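Single chain ahead, written as structure tokens, the form predicted alone.
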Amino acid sequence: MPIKHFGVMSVFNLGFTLTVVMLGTMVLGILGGVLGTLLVLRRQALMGDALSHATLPGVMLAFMLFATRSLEVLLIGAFLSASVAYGLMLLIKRHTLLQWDAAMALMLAGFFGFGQWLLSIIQRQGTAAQAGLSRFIFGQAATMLREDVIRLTVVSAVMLIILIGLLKEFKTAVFDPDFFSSLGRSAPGIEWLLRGMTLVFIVLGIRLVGVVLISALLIAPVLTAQQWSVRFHRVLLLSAFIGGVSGLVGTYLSATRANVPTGPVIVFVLGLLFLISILVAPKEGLLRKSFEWHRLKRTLTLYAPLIHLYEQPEGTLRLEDVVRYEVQGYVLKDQDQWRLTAKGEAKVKAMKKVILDES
């Protein structure tokens, strides 16, 4: 049975079907975090966005041809449509001077516009069967069947197992494709596998998150994780965790409040986590950077005369600066002229290095 809207409830009193859906979106979010890490590091972050938008005309054409809302039929149409878009991108890249980003932008706009046009035609027909097709745009987990969610969870789990099992190969292909090829491995093969899994992920997720926002599950977890670490395995684990938590929380909020699409809620949670991360991350957070910048400004104000004396040895110092620097061991008097000590020179060089790093 489709999921019912339960209203506000305790997380310890969830219906079984809603629990299954939350588990499914959590696994999908984890898969998006892992897969998205590889895509972002391969500089193919927009691939998911282009292919997700390209699924919309396939869904509409499948409905128009077979007059059914069967999820399997509609997702097959989505898969074929996105495959055609990807094939066209390859042709454009191979036979024109356009770059990947231009080809992806062209497919994104063209296919999504075509899909919207088909949707408007279907809606003008006024048939009862077309009800709910617009939910593919933003997603709605509350209308999925339990069997659909279980199938989504199983396929996502299998893809996760494949990714983890081939993680070493994916990592080598991402960071050093020439070395990967020199080992006798097929770099194009691993590339095709990555793109194929991206396509399957998009087709799996569009009913839950929607064609407009499914790419956020690939990109946002990685960008959030990169605020906390730059090490590959840490980013991978953090991305998986962030994607899973966002899917879990977003689906709960969507399903327990009537008429709230799942996709926007999940993306809102992702956006909230990203904003928190860019503010409070220990190394790259804006609050830390702001604190470090103000501390640097105070240090520069305090030791500006010392820097001036380093750059102009014949310069003079004010009496209050002389007293402070002499006590700290940064200057000494040499024939009626104040000079930097070795400690003073080291202090200035350290500050100049900090200034260079900040700039």
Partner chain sequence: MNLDILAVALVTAVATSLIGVFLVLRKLSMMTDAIAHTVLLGIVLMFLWVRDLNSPWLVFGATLSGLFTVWLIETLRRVRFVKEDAAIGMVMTMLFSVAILLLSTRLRRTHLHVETVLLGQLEFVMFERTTLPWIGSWPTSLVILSGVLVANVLFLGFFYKEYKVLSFDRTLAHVLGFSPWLLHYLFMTLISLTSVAAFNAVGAILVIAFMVGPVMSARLLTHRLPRLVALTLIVAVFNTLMGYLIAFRWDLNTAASMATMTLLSFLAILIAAPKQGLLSRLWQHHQQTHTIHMLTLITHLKHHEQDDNVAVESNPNTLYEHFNWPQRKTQKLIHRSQKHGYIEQKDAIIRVSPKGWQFYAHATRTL
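Positions refer to the first chain, counted from 1. C-alpha atoms forming the largest set that superposes within 1.5 Å between two forms make up the rigid core. Every value quoted in this text rests on a predicted model; they were computed, and no experiment measured them.
One more form of this protein, predicted together with its partner chain, exists but is not displayed; see below.
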Note: exactly one of 187, 98, 157, 164 sits with a heavy atom within 4.5 Å of its partner chain in the predicted complex, namely 98
Exactly one of 232, 175, 114, 179 comes within 4.5 Å of its partner chain in the predicted complex through a heavy atom, and that residue is 114
Triplet 74, 83 and 256 all within 4.5 Å of its partner chain in the predicted complex via a heavy atom
no
query: Is there a non-hydrogen atom of residue 215 within 4.5 angstroms of a non-hydrogen atom of its partner chain in the predicted complex?
result: yes
*Are any of the heavy atoms in residue 252 no more than 4.5 Å from a heavy atom of its partner chain in the predicted complex?*
no
**OP:** Find out whether any non-hydrogen atom of residue 91 is located within 4.5 angstroms of its partner chain in the predicted complex, and reply yes or no.
**Re:** yes
Classify residue 295 as contacting or not contacting its partner chain in the predicted complex by the rule of any non-hydrogen atom within 4.5 angstroms, answering yes or no. no
The stretch from 198 to 206, 237 to 245, 98 to 106, 145 to 153 that lies within 4.5 Å of its partner chain in the predicted complex, judged by heavy atoms, is 98 to 106
Restricting to 34 to 66, the residues within 4.5 Å of its partner chain in the predicted complex through any heavy atom are 40, 43, 44, 45, 46, 49, 53
I want to check residue 45: does it shift between the shown form and the other one by 2 Å or more at the Cα, with the core superposed?
no
Rigid core superposed: residue 60 CA moves 2 Å or more between the shown form and the other one: yes
### Query
So with the core overlaid, does the Cα of residue 98 end up 2 Å or more away between the shown form and the other one?
yes
